[in-house]
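Here's a solo chain for you in structure tokens, the form predicted on its own.
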Amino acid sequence: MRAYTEQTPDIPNLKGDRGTHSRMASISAPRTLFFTHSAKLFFSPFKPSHSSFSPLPLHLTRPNCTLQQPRRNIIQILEERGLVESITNDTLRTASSAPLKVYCGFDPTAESLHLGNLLGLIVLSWFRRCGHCAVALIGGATARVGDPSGKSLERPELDTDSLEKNTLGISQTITTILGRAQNSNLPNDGSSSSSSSVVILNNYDWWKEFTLLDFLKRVGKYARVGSMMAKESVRKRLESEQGMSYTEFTYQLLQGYDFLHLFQNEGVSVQIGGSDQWGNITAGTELIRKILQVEGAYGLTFPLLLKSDGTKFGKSEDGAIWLSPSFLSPYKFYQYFFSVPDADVIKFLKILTFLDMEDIAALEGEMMKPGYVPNTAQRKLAEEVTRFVHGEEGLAEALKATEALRPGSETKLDWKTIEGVAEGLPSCSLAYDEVLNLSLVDLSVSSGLFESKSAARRLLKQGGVYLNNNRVDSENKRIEAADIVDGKVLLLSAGKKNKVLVRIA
């Protein structure tokens, strides 16, 4: 490590072994989840700026990060599964044979993470499983600017209340998903130690003290405009009709400094992200090299989730596939993956699950055989991903709802199950007195399940009409009190897919 020169007087003259620094950074006392650093290791202490933003008052606990001796080389595992797009330096392959701290950033632009964020959690989990420490960085500061990567328009500005709400929501999602015991080197007994290799930080804690002059002097002076403009995310926006604001242009420096701050103060040496984050990640490695004059910072990107036809995987007809059960039920989440085409299912089993590659190869072989049961691979994919995101309880809920909503199923429907899958179903509200003793034919038309009584009678005769998943054989059927599930809802079906939910007002 070289000593700092007189041209950088604000940066302390740091000497010593980089490994010693990393080991020291990995030993920390329990602190609040979102905490403020004095930055004294890097900058002179700042006077608080007169910003209109207030700190986000989040009171979650931050666990210590326990590093384990890696059992397998993480880069080899990720490459084998198709989870490596690029790495900044091949020496990461050998460096990863020792314990590392790795981070992935999540800007709180919504209250829940979505399927586009899932690969970041998957890769962090693989690092955990191999004995490394996972750090999730909430972009409480960078979300105020908006990442231009992959965007054709500038993101709308978020107010402080929305940022706080979003930060709480996604931090809870990350804690829930990564907090489960998924590290094969840690005890799988639900104890606190099983989640000790997960750390969640918020970059607002160190950015809130910066003034514009601080930023220009301590970060901006080391950035070269030419290389910043050459970044793909910037170049595409500059060539577009909308152009790019200066605010967005600085985003890569904000994210770059995040890496520098974590590298120096937390011992984090690896940043991961989607392939569209390459420019932002390399901005960080460049700042570390120029300002700290050290090596040992690495970046790794993974491919974006794309279908075999090249379109983005992660959108449904109804919008984003959310990871929070309050935004999308485990049933709906499960069904999305159950509907993956055969052409994509093996690829997604490799990148979205932790199944052994031998088991995935066996499934692929079964798909080629004449006796293969359709959707067997999709069912395995849906089960594994749902278990990862929603846990065993969420998977059980999804499987119960899937079975219960199968026309002709003997599983008894309850109100909670029906409401859990109601999102996206056509629905209507009718008074109790309107529904009781009403003929099923009339209810099917008034609810919108059929356009006419003749169409309802025709399908009834063919055995294709279901009331709460029970086939109705008679067109004279009238609604009884016992038909109204828990006195609240009715579920009408025409065939296997067309359903209408009738809520009793």
Ligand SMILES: N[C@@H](Cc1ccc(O)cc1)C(=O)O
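If you're wondering where the values come from, they're calculated on a predicted model, not measured in any experiment. Just count from 1 along the sequence shown to find any residue number.
Here the subject shifts to the form predicted in complex with the named molecule, a form of this protein not shown in this document.
If you check the named molecule in the model of the complex, you find a heavy atom from every one of Y103, Y251 and N280 within 4.5 Å. Proximity to the named molecule in the model of the complex, taken as heavy atoms within 4.5 Å, picks out 106-114 from the listed stretches 106-114, 123-131, 366-374, 87-95. The named molecule is not shown here, but in the model of the complex it comes within 4.5 Å of a heavy atom of L137. The named molecule in the model of the complex is not approached by T417, whose heavy atoms all lie more than 4.5 angstroms from it. Using a 4.5 Å cutoff between non-hydrogen atoms, Q255 counts as a contact of the named molecule in the model of the complex.
In the model of the complex, the named molecule lies farther than 4.5 Å from every heavy atom of T386. Though the named molecule is absent from this view, in the model of the complex it lies within 4.5 Å of a heavy atom of just one residue from N166, Q264, N202, T142, which is T142.
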